[in-house]
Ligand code: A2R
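Take a look at this one chain, the form predicted alone, written out in structure tokens.
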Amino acid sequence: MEMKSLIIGGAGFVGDYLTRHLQELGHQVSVTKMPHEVIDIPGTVVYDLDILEKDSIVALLQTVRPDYIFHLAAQSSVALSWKNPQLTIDVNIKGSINLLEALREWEGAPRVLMIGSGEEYGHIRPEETPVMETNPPRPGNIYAATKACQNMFGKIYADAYGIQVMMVRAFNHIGPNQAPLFVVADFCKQTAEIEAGRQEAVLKVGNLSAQRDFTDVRDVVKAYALLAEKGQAGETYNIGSGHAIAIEDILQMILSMSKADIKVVKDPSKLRPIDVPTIEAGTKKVYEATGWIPQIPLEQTIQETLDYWRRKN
């Protein structure tokens, strides 16, 4: 029997890759978007949905009757969360509660994956690296606080109402077509524009000493599909490479792939009010549950992301 998957908030970077991966697995995929967004993937059924309207979610569940639900709808930029806390809280907390309440009302029993972030851990102490799922969250920014809250709600609804909801804490995921709000896409886009003569040969950067755990988005969506199938309700799983790398090293990798002579300059507008020095995922739990390990090397992801931006120029 063909499995039905519903992706809530599928118009973004991850939604596109997840849709295509689920189709490759033979799923019938329905995807929601906001009215102003566009999804153009053959074979998908697309619905407009505002997750701040719970009744709309209930109606959609009754129409689609999914076996799996992937909750991707989020305000996912840390930088924007500082500038617009209210929007971040509305989408990430109220939207998630609306989905959980809709699931409680609907008579179906889908398996649900709620997407959180490695940012939830916040201030990770040196002895806590790599960070495990049992580590206490200490969110250091507004985005992270809303995702930690979503995680708690997922656990409560799994325990109290028997909803088959699993939570992930996804660390930095990167790849072609990511918005330049995020560091690797930003550096690759600037480099491509410098090469094309559309930007002076100055690359603007924020904090280069921060160490982050980067995984190719194509590996991440495979983990999502496996966890939706094999994860345990009420449990949280880290998804990352298990290796932190300094932003400085990412920058040098990108510069080494370019023939342009590029000067690097600190841009105060790219610095965050609080930044955590090192974030690295402990990934034993997801491996034990699903057998997942990332396959795509970081150098390949960065090369393909740079080439993507070169084609755009």
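Since the structure is predicted, the reported quantities are computational estimates derived from the model, not experimental observations. Numbers for residues come from their place in the sequence shown, where the first is 1.
The same protein also has a form predicted together with this ligand, omitted here; what follows describes it.
Taking 4.5 angstroms as the cut-off for heavy atoms, does Lys222 touch this ligand in the predicted bound form? Taking the distances in the predicted bound form, the answer for Lys222 is no, it never comes within 4.5 Å of this ligand.
Distance check, Lys259 to this ligand in the predicted bound form, heavy atom within 4.5 Å: Flag for Lys259 set to no.
So in the predicted bound form, does any heavy atom of Gly15 sit within 4.5 Å of this ligand? Result yes; Gly15 sits at the interface with this ligand in the predicted bound form.
Applying a 4.5 Å heavy atom distance criterion, does Thr236 contact this ligand in the predicted bound form? So Thr236 does not count as contacting this ligand.
Using heavy atoms and a 4.5 Å cut-off, decide whether Ser56, Asp67 and Leu99 all contact this ligand in the predicted bound form. No, because Ser56, Asp67 and Leu99 lack any heavy atom that approaches this ligand to within 4.5 Å in the predicted bound form.
Out of the stretches listed (22 to 30, 281 to 289, 45 to 53, 59 to 67), which one is close to this ligand in the predicted bound form, meaning heavy atoms within 4.5 Å? It is the stretch 45 to 53.
Contact residue in the predicted bound form, chosen from Leu227, Ala192, Ala74, Val131 - any heavy atom within 4.5 Å of this ligand: Residue within 4.5 Å of the partner: Ala74.
Here the chain is shown alone; which of Ile142, Leu103, Val91, Ile124 has a heavy atom within 4.5 Å of this ligand in the predicted bound form? Contact residue from the list: Val91.
Any residue of 168 to 192 that, in the predicted bound form, places a heavy atom within 4.5 Å of this ligand: Result: His173 alone.
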